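Presented below, as C-alpha coordinates, is a lone chain in the form predicted alone.
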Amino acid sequence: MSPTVVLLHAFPLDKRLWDGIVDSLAEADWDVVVPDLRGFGGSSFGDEGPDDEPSLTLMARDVLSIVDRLGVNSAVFVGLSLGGYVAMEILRQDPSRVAGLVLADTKASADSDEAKDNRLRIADQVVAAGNTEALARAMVPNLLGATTHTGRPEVVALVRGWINEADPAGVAWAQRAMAARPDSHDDLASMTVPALVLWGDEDVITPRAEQDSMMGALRDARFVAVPGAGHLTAVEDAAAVSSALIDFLADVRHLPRAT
(Lines give C-alpha, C1' and ligand atoms only; values in the text may rest on other atoms or scores of the structure.)
Protein backbone atom coordinates (compact mmCIF):
# COMPACT_ATOMS: atom_id res chain seq x y z
CA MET A 1 0.00 0.00 0.00
CA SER A 2 1.24 3.49 -0.83
CA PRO A 3 1.90 6.02 1.93
CA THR A 4 -1.03 8.24 2.83
CA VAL A 5 -1.56 11.99 2.69
CA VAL A 6 -4.64 13.62 4.24
CA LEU A 7 -5.82 16.94 2.78
CA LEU A 8 -7.78 19.21 5.16
CA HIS A 9 -9.68 22.09 3.62
CA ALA A 10 -10.12 25.75 4.50
CA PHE A 11 -13.07 27.59 6.06
CA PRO A 12 -15.83 27.98 4.93
CA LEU A 13 -15.29 25.58 2.05
CA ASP A 14 -15.21 21.80 1.64
CA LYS A 15 -13.02 19.11 0.13
CA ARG A 16 -13.53 20.47 -3.39
CA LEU A 17 -10.77 22.94 -2.52
CA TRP A 18 -8.31 20.12 -3.30
CA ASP A 19 -9.76 19.07 -6.66
CA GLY A 20 -6.78 20.45 -8.56
CA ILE A 21 -4.27 18.70 -6.28
CA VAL A 22 -5.52 15.14 -5.78
CA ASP A 23 -4.59 13.64 -9.16
CA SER A 24 -1.01 14.95 -8.99
CA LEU A 25 -0.47 13.36 -5.59
CA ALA A 26 -2.03 10.08 -6.70
CA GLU A 27 0.23 10.03 -9.76
CA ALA A 28 3.18 10.47 -7.37
CA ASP A 29 2.06 7.17 -5.74
CA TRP A 30 0.38 8.56 -2.63
CA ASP A 31 -2.94 7.35 -1.29
CA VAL A 32 -4.96 10.54 -0.87
CA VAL A 33 -7.67 10.99 1.76
CA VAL A 34 -9.81 14.11 1.35
CA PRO A 35 -12.47 14.43 4.06
CA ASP A 36 -15.11 17.08 4.49
CA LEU A 37 -14.58 18.59 7.92
CA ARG A 38 -17.46 18.52 10.38
CA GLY A 39 -20.39 20.63 9.19
CA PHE A 40 -19.13 21.09 5.62
CA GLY A 41 -19.83 19.36 2.31
CA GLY A 42 -21.09 15.84 2.78
CA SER A 43 -20.09 15.57 6.44
CA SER A 44 -22.31 15.42 9.47
CA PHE A 45 -21.94 16.59 13.04
CA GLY A 46 -21.45 13.03 14.28
CA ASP A 47 -23.29 11.49 17.20
CA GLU A 48 -23.14 14.68 19.26
CA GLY A 49 -25.10 16.79 16.77
CA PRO A 50 -24.62 20.50 15.99
CA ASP A 51 -25.45 21.58 19.54
CA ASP A 52 -22.39 20.05 21.21
CA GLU A 53 -19.62 22.38 22.34
CA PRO A 54 -17.77 23.46 19.17
CA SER A 55 -14.10 22.52 19.25
CA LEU A 56 -11.24 21.58 16.98
CA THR A 57 -10.85 18.52 19.21
CA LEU A 58 -13.99 17.01 17.72
CA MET A 59 -12.95 17.94 14.17
CA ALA A 60 -9.60 16.23 14.72
CA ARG A 61 -11.27 13.13 16.16
CA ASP A 62 -13.49 12.96 13.09
CA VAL A 63 -10.44 12.93 10.81
CA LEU A 64 -8.63 10.32 12.88
CA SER A 65 -11.75 8.15 12.83
CA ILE A 66 -11.73 8.27 9.04
CA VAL A 67 -8.09 7.24 8.76
CA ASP A 68 -8.68 4.55 11.39
CA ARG A 69 -11.45 3.06 9.26
CA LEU A 70 -9.02 3.00 6.35
CA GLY A 71 -6.47 1.12 8.43
CA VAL A 72 -3.94 3.97 8.31
CA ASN A 73 -1.57 4.17 11.27
CA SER A 74 0.20 7.37 10.30
CA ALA A 75 -0.07 9.91 7.50
CA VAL A 76 1.19 13.22 6.26
CA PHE A 77 -1.45 15.80 7.18
CA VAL A 78 -1.84 18.82 4.91
CA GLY A 79 -3.98 21.60 6.34
CA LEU A 80 -4.92 24.88 4.69
CA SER A 81 -6.27 27.63 6.97
CA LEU A 82 -8.89 25.88 9.16
CA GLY A 83 -7.39 22.61 7.94
CA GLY A 84 -4.09 23.72 9.43
CA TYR A 85 -5.73 24.30 12.80
CA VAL A 86 -7.20 20.80 12.64
CA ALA A 87 -3.82 19.31 11.64
CA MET A 88 -2.18 20.99 14.63
CA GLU A 89 -4.94 19.61 16.87
CA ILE A 90 -4.25 16.12 15.52
CA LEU A 91 -0.60 16.66 16.38
CA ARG A 92 -1.63 17.70 19.88
CA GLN A 93 -3.90 14.67 20.35
CA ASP A 94 -1.60 11.97 18.98
CA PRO A 95 1.81 12.92 17.53
CA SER A 96 2.44 9.29 16.59
CA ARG A 97 -0.17 9.59 13.84
CA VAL A 98 1.67 12.46 12.13
CA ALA A 99 4.36 11.31 9.69
CA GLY A 100 4.75 14.80 8.28
CA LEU A 101 2.93 18.11 8.47
CA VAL A 102 2.11 20.75 5.87
CA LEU A 103 0.75 24.05 7.16
CA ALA A 104 -0.64 26.16 4.33
CA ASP A 105 -1.87 29.72 4.81
CA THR A 106 -2.59 29.17 8.48
CA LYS A 107 -1.16 30.20 11.84
CA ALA A 108 -0.22 28.65 15.18
CA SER A 109 -1.28 31.59 17.33
CA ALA A 110 -4.62 31.73 19.12
CA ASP A 111 -7.14 34.44 18.30
CA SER A 112 -6.99 37.78 20.03
CA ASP A 113 -10.02 38.77 22.07
CA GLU A 114 -11.10 41.03 19.21
CA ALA A 115 -10.78 38.22 16.67
CA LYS A 116 -12.74 35.85 18.91
CA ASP A 117 -15.54 38.37 19.30
CA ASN A 118 -15.65 38.85 15.54
CA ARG A 119 -15.93 35.10 14.93
CA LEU A 120 -18.76 34.77 17.43
CA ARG A 121 -20.56 37.76 15.91
CA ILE A 122 -20.31 36.26 12.42
CA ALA A 123 -21.53 32.88 13.71
CA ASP A 124 -24.63 34.52 15.17
CA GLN A 125 -25.26 36.52 11.99
CA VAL A 126 -25.02 33.51 9.70
CA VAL A 127 -27.43 31.50 11.82
CA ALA A 128 -29.88 34.42 11.99
CA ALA A 129 -29.73 34.92 8.21
CA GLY A 130 -30.10 31.22 7.44
CA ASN A 131 -27.67 31.53 4.52
CA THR A 132 -24.07 32.43 3.76
CA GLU A 133 -24.55 35.03 1.03
CA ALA A 134 -23.41 37.96 3.17
CA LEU A 135 -20.47 35.91 4.40
CA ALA A 136 -19.40 35.27 0.80
CA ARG A 137 -19.57 38.98 -0.01
CA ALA A 138 -17.49 39.80 3.06
CA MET A 139 -14.89 37.04 2.71
CA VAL A 140 -14.12 36.69 -0.98
CA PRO A 141 -12.22 39.99 -1.32
CA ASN A 142 -9.68 38.90 1.31
CA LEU A 143 -9.65 35.14 0.73
CA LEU A 144 -8.17 35.52 -2.74
CA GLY A 145 -5.08 37.43 -3.81
CA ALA A 146 -5.02 40.54 -5.95
CA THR A 147 -3.63 38.55 -8.88
CA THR A 148 -6.54 36.13 -8.71
CA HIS A 149 -9.11 38.92 -8.51
CA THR A 150 -7.54 40.51 -11.58
CA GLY A 151 -6.68 37.53 -13.74
CA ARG A 152 -8.60 34.47 -12.52
CA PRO A 153 -12.30 35.44 -12.56
CA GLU A 154 -13.32 31.79 -12.80
CA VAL A 155 -11.62 31.10 -9.45
CA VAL A 156 -13.37 34.06 -7.83
CA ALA A 157 -16.74 32.82 -9.06
CA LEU A 158 -15.97 29.25 -7.97
CA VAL A 159 -15.02 30.23 -4.43
CA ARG A 160 -18.02 32.53 -4.07
CA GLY A 161 -20.28 29.69 -5.17
CA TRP A 162 -18.72 27.27 -2.69
CA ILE A 163 -19.26 29.68 0.19
CA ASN A 164 -22.86 30.31 -0.86
CA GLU A 165 -23.44 26.55 -0.72
CA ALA A 166 -22.04 26.16 2.80
CA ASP A 167 -24.38 25.10 5.60
CA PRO A 168 -24.95 28.07 7.96
CA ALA A 169 -25.01 25.74 10.97
CA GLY A 170 -21.66 24.24 9.96
CA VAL A 171 -20.16 27.68 9.34
CA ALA A 172 -21.28 28.94 12.74
CA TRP A 173 -20.06 25.80 14.51
CA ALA A 174 -16.63 26.08 12.90
CA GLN A 175 -16.32 29.78 13.73
CA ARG A 176 -17.00 29.03 17.39
CA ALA A 177 -14.54 26.13 17.33
CA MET A 178 -11.81 28.32 15.83
CA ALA A 179 -12.48 31.04 18.39
CA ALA A 180 -11.78 28.55 21.18
CA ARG A 181 -8.57 27.09 19.76
CA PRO A 182 -5.33 27.26 21.80
CA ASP A 183 -1.90 28.48 20.74
CA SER A 184 0.00 25.67 18.99
CA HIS A 185 3.60 26.91 18.97
CA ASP A 186 4.70 24.51 21.73
CA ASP A 187 3.16 21.59 19.85
CA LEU A 188 5.07 22.53 16.71
CA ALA A 189 8.27 22.86 18.71
CA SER A 190 7.86 19.28 19.98
CA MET A 191 7.61 17.81 16.45
CA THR A 192 10.36 15.48 15.27
CA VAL A 193 9.00 14.83 11.75
CA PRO A 194 9.46 17.05 8.68
CA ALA A 195 7.20 20.02 8.08
CA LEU A 196 6.42 22.37 5.21
CA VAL A 197 5.06 25.87 5.68
CA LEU A 198 3.42 26.98 2.45
CA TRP A 199 2.07 30.49 1.92
CA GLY A 200 0.59 32.62 -0.83
CA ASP A 201 2.57 35.83 -0.97
CA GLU A 202 -0.63 37.86 -1.40
CA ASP A 203 -2.29 36.31 1.67
CA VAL A 204 -3.61 39.14 3.86
CA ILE A 205 -5.47 36.86 6.29
CA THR A 206 -2.44 34.95 7.62
CA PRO A 207 0.45 37.31 6.86
CA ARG A 208 4.13 36.47 6.51
CA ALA A 209 4.83 37.21 10.19
CA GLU A 210 2.61 34.29 11.19
CA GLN A 211 4.50 32.00 8.82
CA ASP A 212 7.85 33.15 10.22
CA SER A 213 6.52 32.45 13.72
CA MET A 214 5.70 28.85 12.81
CA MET A 215 9.04 28.41 11.09
CA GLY A 216 10.74 29.63 14.24
CA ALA A 217 8.96 26.98 16.31
CA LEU A 218 9.56 24.03 13.99
CA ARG A 219 12.79 22.01 14.15
CA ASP A 220 12.76 20.50 10.66
CA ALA A 221 10.84 22.67 8.24
CA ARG A 222 11.05 24.24 4.83
CA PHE A 223 9.22 27.33 3.63
CA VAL A 224 7.66 27.80 0.19
CA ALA A 225 6.00 31.00 -0.99
CA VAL A 226 3.53 30.81 -3.87
CA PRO A 227 3.76 34.01 -5.94
CA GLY A 228 0.56 35.70 -7.00
CA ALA A 229 -1.70 33.70 -4.67
CA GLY A 230 -3.67 34.73 -1.62
CA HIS A 231 -5.13 32.73 1.24
CA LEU A 232 -6.50 29.88 -0.90
CA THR A 233 -3.28 28.79 -2.59
CA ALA A 234 -4.57 25.31 -3.42
CA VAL A 235 -7.24 26.67 -5.74
CA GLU A 236 -5.49 29.86 -6.87
CA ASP A 237 -2.38 28.04 -8.13
CA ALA A 238 -2.94 24.30 -7.89
CA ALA A 239 0.09 23.52 -10.06
CA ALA A 240 2.51 25.37 -7.78
CA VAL A 241 1.00 23.83 -4.64
CA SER A 242 1.08 20.34 -6.15
CA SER A 243 4.75 20.77 -7.06
CA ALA A 244 5.66 21.97 -3.56
CA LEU A 245 3.76 19.10 -1.95
CA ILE A 246 5.30 16.45 -4.18
CA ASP A 247 8.80 17.78 -3.50
CA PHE A 248 8.15 17.71 0.24
CA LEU A 249 6.48 14.31 0.23
CA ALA A 250 9.44 12.82 -1.60
CA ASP A 251 11.47 13.54 1.54
CA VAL A 252 9.13 11.63 3.84
CA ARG A 253 8.98 8.42 1.83
CA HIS A 254 11.12 6.68 4.46
CA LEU A 255 8.39 7.04 7.08
CA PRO A 256 6.17 4.04 7.99
CA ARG A 257 3.71 3.07 5.28
CA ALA A 258 0.01 2.65 5.96
CA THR A 259 -1.02 -0.88 6.88
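Note that this is a predicted model, so its numbers are computed, not measured. Position 1 is the first residue in the sequence shown; the rest follow in order.
Unshown form predicted together with a small molecule; subsequent notes refer to it.
Participant: Counting only non-hydrogen atoms, choose the one of 161-169, 146-154, 76-84, 125-133 that falls within 4.5 Å of the small molecule in the model of the complex.
Facilitator: Among the candidates, contact is made by 76-84.
Participant: Examine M178 and determine whether its closest non-hydrogen atom to the small molecule in the model of the complex is within 4.5 angstroms.
Facilitator: Taking the distances in the model of the complex, the answer for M178 is yes, it comes within 4.5 Å of the small molecule.
Participant: With the partner left out here, check for me: in the model of the complex, does some heavy atom of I205 sit within 4.5 Å of the small molecule?
Facilitator: Yes, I205 is a contact residue.
Participant: Classify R38 as contacting or not contacting the small molecule in the model of the complex by the rule of any non-hydrogen atom within 4.5 angstroms, answering yes or no.
Facilitator: No - in the model of the complex, heavy atoms of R38 and the small molecule never come within 4.5 Å of each other.
Participant: Is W18 part of the interface with the small molecule in the model of the complex - any heavy atom within 4.5 Å?
Facilitator: Heavy-atom contact with the small molecule at 4.5 Å: absent for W18.
Participant: Looking at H185, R119, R92, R97 here, can you tell me which has any non-hydrogen atom within 4.5 angstroms of the small molecule in the model of the complex?
Facilitator: Going through each option in turn, the one that passes is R119.
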